[in-house]
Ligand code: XIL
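Single chain ahead, by itself, as structure tokens, in the form predicted on its own.
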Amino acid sequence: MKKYSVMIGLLLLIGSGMWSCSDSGEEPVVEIPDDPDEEEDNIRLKAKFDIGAAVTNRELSGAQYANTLRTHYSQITAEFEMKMAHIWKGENNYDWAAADEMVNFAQTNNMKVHGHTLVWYSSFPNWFKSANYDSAAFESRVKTYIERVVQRYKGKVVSWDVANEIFNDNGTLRSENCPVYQTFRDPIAFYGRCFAYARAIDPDAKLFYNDYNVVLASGKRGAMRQMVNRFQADGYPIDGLGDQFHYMVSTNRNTIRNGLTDMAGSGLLIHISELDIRVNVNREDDYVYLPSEQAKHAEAYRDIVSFYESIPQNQKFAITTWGVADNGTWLRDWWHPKEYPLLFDDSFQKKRAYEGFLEGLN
């Protein structure tokens, strides 16, 4: 009945418009009002902040995937195409093809891009690590890399994870396999300068520090707060903090809520940057995603989104899911093949988890 009513209304609007303009000879203009019911059923339309998804170019080439993304999300994050090792092939050799393709998709489809990530210990290319640069040469080359990347996408990438995963959960600096830690006596100062290099090129881009387990690990949060305080005292720019939110339906909700509130105490923008929620928490080979499990999943999404909604409005940057549909999740490789952590099923149909996400939105 709803479709017929809309059609009748449109015909009446068109008819009245044609009569009213007949004397002037002007073409009739028909304004179709927004459908409030559609907004209530779509996370992109209902949310008062951006809804993002991590994507790959391979996935974007699929029509059903791309259509789902355009319909339900307003922002994208490259899963790997914008990481250092994928772009920086040699000191003066940059491969822009994959990152350009992703940014062009976003522009064509009126979507924002969150850049991920400029400096990450795990994404320094092998040629760089084997060069054994001293601290001055190391920083000079990283500075040039940041400047070239940010300049290329200035005005096209709205925000960057400038630094990613530099702390352990207990708050100590990551040392294992970390070229920055191995090269600098004061790694925090180096990261601060990286933020400054990015800001100098694109003053409008929001600059984030991103990590995992942030709301669970008080030691990590404390170290992040100390870093923010130091940046602010030393004049290094930082706009926001991201927590990846790779959690489970069994993760304690009070711990999540309290940790998120503590993060917001920084006064910075807060990004739930890589959200997925595992349901097969015990890695059971005979696990079945039963309706009862789906209900638990929906509740977890609802609660997390509602916790995010409880922080000040001016600190809400985005919620980004790490993937779109279950068939593309990294967790089926890393965690267990029987895992269903996202908002859409293997056929790109909305799950109860999607409805839970909607319920959590104000």
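When you see a residue number, it is the position in the sequence shown, counting from 1. It should be emphasised that the depicted structure is a prediction, and the values quoted were computed from it without experimental measurement.
Although it is not shown, the form predicted in complex with the ligand is what the next lines describe.
Not one of 73, 301 and 348 comes within 4.5 Å of the ligand in the predicted bound form, counting any heavy atom. Shown alone, this chain has one stretch from 232-240, 200-208, 80-88, 219-227 that lies within 4.5 Å of the ligand in the predicted bound form by heavy atoms: 80-88. Of the residues 322, 65, 49, 307, just one reaches the ligand in the predicted bound form with a heavy atom at 4.5 Å or closer; this is 322. None of 153, 191, 138, 120 but one reaches within 4.5 angstroms of the ligand in the predicted bound form through a heavy atom, and that residue is 120. Though the partner is left out of this view, residue 335 does not reach within 4.5 Å of the ligand in the predicted bound form, counting heavy atoms only. Residue 114 falls outside the set of residues with a heavy atom inside 4.5 Å of the ligand in the predicted bound form. Residue contact check for residue 280: none of its heavy atoms lie within 4.5 Å of the ligand in the predicted bound form. In the predicted bound form, no heavy atom of residue 213 sits within 4.5 Å of the ligand.
Taking a 4.5 Å heavy atom cutoff to the ligand in the predicted bound form, the contacting residues in 151-169 are 164, 165.
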